[in-house]
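Below sits a lone chain in structure tokens, taken as the form predicted on its own.
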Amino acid sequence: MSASASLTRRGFGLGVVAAGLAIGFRLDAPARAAGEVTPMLLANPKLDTWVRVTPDGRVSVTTGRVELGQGVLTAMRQIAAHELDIDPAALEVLSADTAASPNEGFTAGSMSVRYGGEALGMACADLRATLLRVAAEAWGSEPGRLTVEGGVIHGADGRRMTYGDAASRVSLVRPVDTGARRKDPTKAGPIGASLPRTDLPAKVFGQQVFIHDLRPEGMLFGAVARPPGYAARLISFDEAAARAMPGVVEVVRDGSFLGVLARREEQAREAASRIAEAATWENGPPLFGGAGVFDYMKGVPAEEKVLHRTAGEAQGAVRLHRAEYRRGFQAHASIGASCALAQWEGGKLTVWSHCQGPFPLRTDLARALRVEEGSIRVIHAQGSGCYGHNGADDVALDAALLARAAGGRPVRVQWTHEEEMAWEPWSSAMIVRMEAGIGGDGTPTSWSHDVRSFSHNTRPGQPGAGGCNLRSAWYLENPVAPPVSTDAPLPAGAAARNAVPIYAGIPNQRISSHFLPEAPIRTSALRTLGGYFNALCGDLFIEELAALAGKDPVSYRLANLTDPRLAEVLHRAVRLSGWTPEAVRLAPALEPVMTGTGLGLSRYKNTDCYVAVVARVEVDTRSGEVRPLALWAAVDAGRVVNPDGLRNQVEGGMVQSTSWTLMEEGHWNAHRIVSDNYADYPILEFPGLPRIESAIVDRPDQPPLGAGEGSQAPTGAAIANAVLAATGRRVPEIPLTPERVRAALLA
């Protein structure tokens, strides 16, 4: 029995079913017009790619989305069950597998329910309508006179037909009928109910859910001997000494890629560490040319673009207000490090990975290994959630390279936490410069936002990009270099995501970018990409304008808003907090401990969910420490599939953003990131959690909006604005460390 077959039966594969059609599509598609087909159905048009019915009536649905701990498979189950009139528990929901599922690219960008859920819902609506027509024709009736309950079709005269019986009379191997009528989401059913997460029981009771738990028969453990820096190249090493180390089965060298296979995990790690230390390496030039990161970013050539411009009549400005905000590199900092399993059999490779995009990973694996994509199968297995591009894809290539020397045995590679922090892609440092004209009554007469940043998306499988975005491919004897970094256009954007202000009432807007395509430290997607910092800066700036105008921050925002849904979440969050807004006093006399309340408001990507957050913080002016006391949020995500799931996403994002805003920042030496542990890269711990409360503005008559990344920016802005409200001082750099807060207080 092969390891592949064994693992599949243990729940980490989808079995042997027909592969879905995969063609290119954009993942940053704008909102759909009425009647427009969701891009996921354009990419995967076949009905049986999404939903299947067995002769005994069992229904299975397949999604290209993957479970990252965000509850997406529960939401997909609810959508399908609602359309099919089936008990959600009776559905089998299968996740991403390049041999079986629709190609939906990455599970990222808050697009799962908005695009993947809409595609699955349409496919299930088509199936239900098709099976009702089959029964109607068999009984000489009309489909509108039939009902469905629990996957059984009922006629007015008492006749019954199961879905399995109806499906056996018609072919489902055809394109989805995108004209099929969806069920009314406002009617009682699975949509809108807080269905318990279907993935949690197995995790709670310690079942083998995570890729880290896999132990197939005959498995070997692999580890990579890491160079001392990102630009280092291997000159020589003692291969005989390496092979003589305890437990070592094989030593693999391909250019500067150096790794070992061993019988036990600790043996592989110890051998890899000792080999790396004893090897001779040639180091490259110092990172950032030995300069500070912000000086470096301002000094190197950039691609300059004007991304958005508006004109409008306004009174003449009596003054200009300018500000520069900065944010350092930030990490995913996953509690569990990345892991992968790989096996070569008969010239074909199977990889189990907790990546966010099995199909794009397959593309770059094929490029790195110089084989056909069709010879590789990537199966998603759950792992430590990261909400971004961490080391999951890279460790998959490490496992595949080492598995080529394993003689058909499966190979497991799990990075250490130090490897994860040092070698995963980081979120780019950013500089935002803002300028506004202010009229005599304090009204903004112009608005300028310029963002300077490295890439926020160097994920694998970039369409038409060529090259390979898997790190070990760059170290091979015959390397596959990374593609040239590019920046995604608005409205979704990447580096400039959410740079266009939500305050549409402000005239004469100019949004520009200075994109830096070459980064000494590898950067890629962290939750929200550039959206967190851009929207945060916009809200810090509007707060400063309100303070300069002597107006309270709520009324000042409302005067410049034109979207009633933004106004609604703002009002809801303020009411929830019980806060009575007042104008911020700039530079008041400092007391030892000062308390302030601040507001953050955002529409994610300018196209998705609306979120307002109110924060109350305490600032110790002697030490500069900021202590978050409470957070209140209101969210409008359109039609809500699972209220509990939405609330978890919103509140989880608030926790993550609190950590980003107050604590998280990477540091480096001349050759690599050195913030590779939680002492050097602290994250928020349970004792530091503020009280959190959230409210949902449900709109069942509206399409669902992406919400997984909507609360981070307004949370960060609310905390920073609360510091301004407490002390009257602006802290221009994130995170708001005690040293930076203290410096701002003394300035």
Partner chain sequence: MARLTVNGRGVEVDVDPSTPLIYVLRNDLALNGPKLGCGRAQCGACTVHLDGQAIRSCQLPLGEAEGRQVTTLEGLGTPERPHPLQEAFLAEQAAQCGYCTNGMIMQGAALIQDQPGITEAEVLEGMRGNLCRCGTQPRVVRAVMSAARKGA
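Fair warning: this is a prediction, and the values are worked out from it, not measured in the lab. Residue numbers count along the first chain shown, from 1.
Keep in mind that the form predicted in complex with its partner chain is missing from the display, and what follows is about it.
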## Note on the structure
Answer key: of Glu418, Glu373, Glu618, Asp563, within 4.5 Å of its partner chain in the predicted complex (heavy atoms) is Glu418
### Query
Taking its partner chain in the predicted complex as the reference, which of Ala333, Val574, Leu91, Ala368 has a non-hydrogen atom within 4.5 Å?
Ala333
### Query
Quick one: does Phe210 come within 4.5 Å of its partner chain in the predicted complex, counting heavy atoms only?
yes
### Query
Given that the partner is absent here, does Lys348 sit within 4.5 Å of its partner chain in the predicted complex, heavy atoms only?
no
### Message
My question is simply whether Glu685 lines the interface with its partner chain in the predicted complex - judged by any non-hydrogen atom within 4.5 Å.
### Response
yes
### Residue contact check: Ala129 to its partner chain in the predicted complex, 4.5 Å heavy atom
no
### Query
Which of these stretches, 631-639, 75-83, 263-271, 149-157, has heavy atoms within 4.5 Å of its partner chain in the predicted complex?
263-271
### Query
Is its partner chain in the predicted complex near all of Phe221, Glu651 and Leu689, within 4.5 Å of a heavy atom of each?
yes
### Task
Select from 649-673 the residues with a non-hydrogen atom within 4.5 Å of its partner chain in the predicted complex and write them out in sequence order.
Gln649, Glu651, Gly652, Val655, Gln656, Ser659, Trp660, Glu664
